[in-house]
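Before any questions on binding or motion, here is one chain by itself as structure tokens, the form predicted alone.
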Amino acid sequence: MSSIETPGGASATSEFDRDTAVTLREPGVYDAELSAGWTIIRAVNGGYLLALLGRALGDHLPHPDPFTISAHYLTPSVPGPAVIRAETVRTGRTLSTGQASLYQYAEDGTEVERIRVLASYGDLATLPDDVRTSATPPAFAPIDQCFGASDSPAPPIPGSSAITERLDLRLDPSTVGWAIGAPSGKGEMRAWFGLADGRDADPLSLLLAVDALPPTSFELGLKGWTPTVELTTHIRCRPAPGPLRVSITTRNLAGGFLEEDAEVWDSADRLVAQSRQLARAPRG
């Protein structure tokens, strides 16, 4: 068996890289260990899981970078051993498509499917420079005027908040009313994003970034776990070094479900990732 290395063949020195490492057991089958360091409330974070599956597919497919990846979260994942089974759906000159599922083990040893993804991969380095867009970065407070985890006046989250120790999140003051009992009602969340160990962003960490902020439901006056049902992410280009800006909005909460639309902007003011997810609204 061999462990999958980080891009460029460098050994994994970042906690994110170590915790998303996968080991090839046989063609299309990878062993992994879901780290307790990426849990929130009572489950492993969905963006971290997406990055883990993204790493396995990047090894399995002939192209290196995720262009689009859609994940359905079937059952909550927990820290511990997991196996990823990947297969190629189609390969072409510029894109290859694959699917993968992550399984964990029940008490009787049977496999329980946690997530199933379908993804198309390409090579971001080969994309043309032509950009025609009406998208502009949202307004953000300067990073030194935003709130980190140690600044939050909110009471501790029931259960685990381990993921906050691995992220460098600085929440925009206009989206932290929930922390002092005065949610804005706008369904918006904005933050500067980085990894706590200083690792630069890349396509895999973008898969984490789109699902790393507090849920927009907090600013709608709801508290509690907001489990993801489905998450689709588009990676548009490789991010420049430096902190990212993540903006997430919800326009419609109905029937106990809400959508979250995310944009991720890099230090060069480029829109590097977009996503939409459907989540269950908390009951609080």
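Heads up: residue numbers just count along the shown sequence, starting at 1. This is a predicted model, so every value here is computed, not measured.
One more form of this protein exists, namely the form predicted in complex with a further copy of the same chain; it is left out here, but the text below deals with it.
Proximity of residue 225 to a further copy of the same chain in the predicted bound form: non-hydrogen atoms within 4.5 Å are absent; the residue sits far from the partner. Though the partner is left out of this view, residue 146 does not reach within 4.5 Å of a further copy of the same chain in the predicted bound form, counting heavy atoms only. Contact check for residue 35: no non-hydrogen atom falls within 4.5 Å of a further copy of the same chain in the predicted bound form. Residue contact with a further copy of the same chain in the predicted bound form: residue 238 places no heavy atom within 4.5 Å of it.
Residues within 4.5 angstroms of a further copy of the same chain in the predicted bound form, judged by any non-hydrogen atom, belong to 255-263 and to none of the other stretches in 238-246, 23-31, 255-263, 44-52. Only one of 180, 127, 78, 196 comes within 4.5 Å of a further copy of the same chain in the predicted bound form through a heavy atom, and that residue is 127. The single contact residue among 162, 118, 141, 167, judged by any heavy atom lying within 4.5 Å of a further copy of the same chain in the predicted bound form, is 118. Proximity to a further copy of the same chain in the predicted bound form holds for all of 74, 97 and 113, with the criterion being a heavy atom within 4.5 Å.
Counting a residue when any of its non-hydrogen atoms is within 4.5 Å of a further copy of the same chain in the predicted bound form, the hits in 50-69 run 67, 68.
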